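Just the one chain here, the form predicted on its own, laid out as structure tokens.
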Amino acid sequence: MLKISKDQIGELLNIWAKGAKVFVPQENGGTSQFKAWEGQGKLTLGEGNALEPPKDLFFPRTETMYRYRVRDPEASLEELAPLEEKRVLVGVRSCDARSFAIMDDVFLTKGYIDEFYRQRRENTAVVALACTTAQPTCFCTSFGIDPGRAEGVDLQMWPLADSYLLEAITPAGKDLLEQAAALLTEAADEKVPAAAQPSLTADVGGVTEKLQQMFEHPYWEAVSRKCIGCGACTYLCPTCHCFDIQSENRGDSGYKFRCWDSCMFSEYTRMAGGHQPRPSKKERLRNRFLHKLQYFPERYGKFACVGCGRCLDRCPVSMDITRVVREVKEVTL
């Protein structure tokens, strides 16, 4: 176990930035998000999780897929060059680390590999930061997540009063520590601080099986009444992955791009002839909760929620997934 003074974190990031592009939570316009480190900025490593998850570093909000040119009678495609840039993602909390595993299931399994996503994942080292204090909206432990030690990361950090403990988990994490050896000291006598214990919980045992019997239940009409369909929950969710594909044409050339979409939007499932299989908020809200708690567990064996609490924190009408779980389990069939 090694440690570094909190006063030297900027130097540590600068060292890592010599061989890779470093992303770290920083204040930006009154919010906290993972931004590229450029040698200066207000870090938000000790102020709870970033409001915006690091999802867009692997699955961008808008992404060009390929370019094309049409000149009768021929058409040509131009594939984008592979992403070769090395990156280091610093300050990832355990909930967001779990979200990467969920997104991996979507983009890298079941017979399909998304090359855009794969390249970013393989070229990125992940440095996790343990949570020692839970926010009122956190409930990650309800999904078996340890806020004190993240899964599937390369390097784990723990905050102390004036320093950070660091432990390499993978060869990539060991390499990061070797790069910064001049700043690190042995911490044999230091103890890993206790992990945060969220006060908010969601008993998800049996909820998938209950939901399998509730597709037409009047509960969905009742719970959807206050939803305004803004989509904030899906855009701030680290595991939501709906996207749309569009074209931008300019003369005889153009490009295809994909961009985030939301199942909470009325246009999302609208068909070419105008038919909308999810015509009201009821169907759209139902789909969101069934995806998180039923469809994803049925397909991948895990819930598509990590208990980060962002949707609870920013929903303008206080829609609470933990309350939905509780009410679902109490519903009479």
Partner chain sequence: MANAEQVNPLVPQIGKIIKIVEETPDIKTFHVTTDKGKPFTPMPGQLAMFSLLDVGEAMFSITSQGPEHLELAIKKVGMLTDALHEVEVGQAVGIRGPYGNGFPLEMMKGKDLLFIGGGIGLAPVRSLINYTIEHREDYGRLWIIYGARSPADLCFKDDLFKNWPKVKDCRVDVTVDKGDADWKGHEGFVPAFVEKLGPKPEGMVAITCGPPIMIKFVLQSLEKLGFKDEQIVTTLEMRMKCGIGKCGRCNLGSAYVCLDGPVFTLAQLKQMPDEY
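Residue numbers count along the first chain shown, from 1. All values reported here derive from a predicted model rather than from experimental measurement.
Beyond the structure shown, there is the form predicted together with its partner chain, which is absent from this document and is the topic of what follows.
Quiz item: Just one stretch in 122 to 130, 151 to 159, 68 to 76, 184 to 192 has heavy atoms within 4.5 Å of its partner chain in the predicted complex, so which one is it?
Solution: Partner-contacting stretch among the options: 68 to 76.
Quiz item: Taking heavy atoms only, is residue 302 within 4.5 angstroms of its partner chain in the predicted complex?
Solution: Residue 302: no contact with its partner chain in the predicted complex.
Quiz item: So, in the predicted complex, is residue 203 in contact with its partner chain at a 4.5 angstroms heavy atom limit?
Solution: Output for residue 203 is no: heavy atoms all beyond 4.5 Å of its partner chain.
Self-check item: Contact flag, residue 275 vs its partner chain in the predicted complex, heavy atom cut 4.5 Å
Solution: The answer is yes: residue 275 has a heavy atom within 4.5 Å of its partner chain.
Practice problem: Spell out, yes or no, whether the shortest heavy atom distance between residue 143 and its partner chain in the predicted complex is within 4.5 Å. | Solution: Because no heavy atom of residue 143 falls inside 4.5 Å of its partner chain in the predicted complex, the answer is no.
Quiz item: its partner chain in the predicted complex: within 4.5 Å of a heavy atom of each of 109, 244 and 268?
Solution: Yes, all three are in contact.
Practice problem: Select from 290 to 311 the residues with a non-hydrogen atom within 4.5 Å of its partner chain in the predicted complex and write them out in sequence order. | Solution: Contacts from 290 to 311: 291, 295, 298, 299, 300.
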